[in-house]
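Listed next as structure tokens is one chain, alone, in the form predicted alone.
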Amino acid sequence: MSKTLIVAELQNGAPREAALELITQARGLGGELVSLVIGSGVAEAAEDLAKRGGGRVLAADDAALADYTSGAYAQAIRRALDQESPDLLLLSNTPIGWDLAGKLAAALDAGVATDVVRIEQEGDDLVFIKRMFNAKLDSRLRVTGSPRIATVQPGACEAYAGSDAGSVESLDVSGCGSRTVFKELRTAAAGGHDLTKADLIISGGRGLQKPENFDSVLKPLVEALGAQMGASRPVVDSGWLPHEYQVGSSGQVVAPKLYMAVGISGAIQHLVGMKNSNFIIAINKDADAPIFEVADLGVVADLFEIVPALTEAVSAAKGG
């Protein structure tokens, strides 16, 4: 691979951790690395990224790019592509990445692989690996066109921790505009179920089979331990629990002292949200469930037998 261009998203004026993970993926392929930072007043963020392994960093700095619109950002990326002619374009698998990847692929008639967890070099070709069927299978994809485009799942690899000094240069993005008009950014008010401050979290997945079992099976253990209840995305998507219970990349990111995953197989989106927990216990009847890859203690058993027994043991130990 001769050259990779990554689009480094910013959050609160600084590179997101997902941007540093793109650096890890790109450096693993070898070749030249170029990073693109888009926004208004991004000089400091660009310098930061250059110091943290971003290679040659292009700063697309213009007042018209202060707020995200797909049209303006896509034009800025096209300017970088025209200037650099990379073989591979990497974006984070985030709402912005999803929005831009398809737009750019259509405009460039280029192949795109989404939700990728790993990229491998095979001779002169690239293979994009993504997990399927609730992470039970890995799909190996090859794409055509130039550049090849991929969105990488946040949390799929470690953020780059090196300090390779790069450089920063300005990218001319004058005239980049969009027919879309940014109106406002609304942040959801904090609900009454804030898992980010919880020391103990017990999350349930589809293994609980039906919503009633959250009350009859899981809730007694949650109450016995004085924990808070969480859930996987499929549970929330099915309407079993509100979104504020969801742990994962599209829910709440948590780091409690103890995280217990009950009936959760462990798709990468969920692992991103809880992998920094101090101690992880997983209960699942599938010994090959990905959740066991990050668990400190794994129990391969029927949760409908283990959870009530554990609840009884906890209650007995507390004298209840």
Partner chain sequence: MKILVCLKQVPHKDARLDIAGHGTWIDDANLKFEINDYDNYALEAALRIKDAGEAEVIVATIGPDRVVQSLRTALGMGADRAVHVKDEALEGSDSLGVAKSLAAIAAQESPDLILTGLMSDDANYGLTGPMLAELSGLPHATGIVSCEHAGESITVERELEGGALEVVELPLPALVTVQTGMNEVRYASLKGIMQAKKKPLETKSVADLGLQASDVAPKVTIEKIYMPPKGEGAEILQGSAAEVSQQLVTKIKELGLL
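Heads up, when I say rigid core I mean the largest set of C-alphas that superpose within 1.5 Å between the two forms. Remember, predicted model here, so these are calculated numbers, not experimental data. Numbering follows the first chain given and starts at 1.
A second form of this protein, the form predicted in complex with its partner chain, is not displayed here; the remarks below concern that form.
> Name the residue from Gln121, Ser216, Ser250, Ser85 that puts a heavy atom within 4.5 Å of its partner chain in the model of the complex.
Exactly one residue meets the criterion: Ser250.
> Taking heavy atoms and a 4.5 Å cut-off, does Leu91 contact its partner chain in the model of the complex?
Contact check for Leu91: no, nothing within 4.5 Å of its partner chain in the model of the complex.
> Counting only non-hydrogen atoms and a 4.5 angstroms cut-off, does Thr144 reach its partner chain in the model of the complex?
So Thr144 counts as contacting its partner chain.
> Hey, in the model of the complex, is Thr114 touching its partner chain, heavy atoms inside 4.5 Å?
Heavy-atom contact with its partner chain at 4.5 Å: present for Thr114.
> Does the 4.5 Å heavy atom contact test between Ile281 and its partner chain in the model of the complex come out positive?
The answer is yes: Ile281 has a heavy atom within 4.5 Å of its partner chain.
> Counting only non-hydrogen atoms and a 4.5 Å cut-off, give the residues of 294 to 316 close to its partner chain in the model of the complex.
Stretch hits, in order: Ala295, Asp296, Leu297, Gly298, Val299, Val300, Glu305, Ile306, Ala309, Leu310, Ala313, Val314.
> On a core-based superposition, does Ala66 travel 2 Å or more at its Cα between this form and the one not shown?
No: Ala66 shifts by under 2 Å between this form and the one not shown.
> For a quick test of reading the superposition: does Leu310 move by 2 Å or more at the CA between this form and the one not shown, rigid core aligned?
Superposed on the core, Leu310 moves its C-alpha 2 Å or more between this form and the one not shown.
> Is Val253 one of the residues whose C-alpha moves 2 Å or more between this form and the one not shown after the core fit?
The answer is yes, as the C-alpha of Val253 shifts between this form and the one not shown by 2 Å or more after core alignment.
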